[in-house]
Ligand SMILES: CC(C)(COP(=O)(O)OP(=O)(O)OC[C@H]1O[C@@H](n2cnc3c(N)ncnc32)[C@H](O)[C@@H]1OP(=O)(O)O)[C@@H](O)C(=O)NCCC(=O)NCCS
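Given as structure tokens, the chain that follows is alone and in the form predicted alone.
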């Protein structure tokens, strides 16, 4: 069981979740701008349940999505980290890196900074052999983060997300991979 994991970057604290994170995380998950590349927004209950699953992942596997806090203000701005993924595509089961930040935190390099630290944590601390990331084809900002942290696109691995029905505008996904250097 992982009691406390905290990573400090130049501008962020990446840490386990606090009760005080639930309300701003629910607001983030209810924002249609933030959730543009997801099938739907989340209710407060769904958002809270996601945090419960994230925390269970930390306890079970030693990794999860870290809550992101700005070092200068202490403000919660979202999450970034690793999550175990297991659904019907050829490259899974495996570990996915992902991020979700409040719209006000966009454009400052926070996602890249945190995702780079999460990648380091996955390889150096958790001793993972490979980390994946995937997103809808149209999500160019997330693809740029993947590229900035050194992930490589696997065009042969691009796929139709099996949890989205045929014809859904977000169904086609791109796949990126990273391995320890």
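Numbering follows the first chain given and starts at 1. What you see is a predicted model; the values in this text were computed from it and never measured.
Keep in mind that the form predicted in complex with the ligand is not shown, yet the notes after this line are about it.
Of the residues 155, 53, 127, 144, just one reaches the ligand in the model of the complex with a heavy atom at 4.5 Å or closer; this is 144. Heavy atoms of no residue among 9, 63 and 66 are located within 4.5 Å of the ligand in the model of the complex. The stretch among 135-143, 55-63, 118-126, 39-47 whose residues place heavy atoms within 4.5 Å of the ligand in the model of the complex is 135-143. Proximity of residue 110 to the ligand in the model of the complex: non-hydrogen atoms within 4.5 Å are present. Within this chain, residue 34 lines the site of the ligand in the model of the complex, having a heavy atom no more than 4.5 Å away.
Proximity of residue 70 to the ligand in the model of the complex: non-hydrogen atoms within 4.5 Å are absent; the residue sits far from the partner. Proximity of residue 95 to the ligand in the model of the complex: non-hydrogen atoms within 4.5 Å are absent; the residue sits far from the partner. Along 88-104, residues 99, 100, 101 each place a heavy atom within 4.5 Å of the ligand in the model of the complex.
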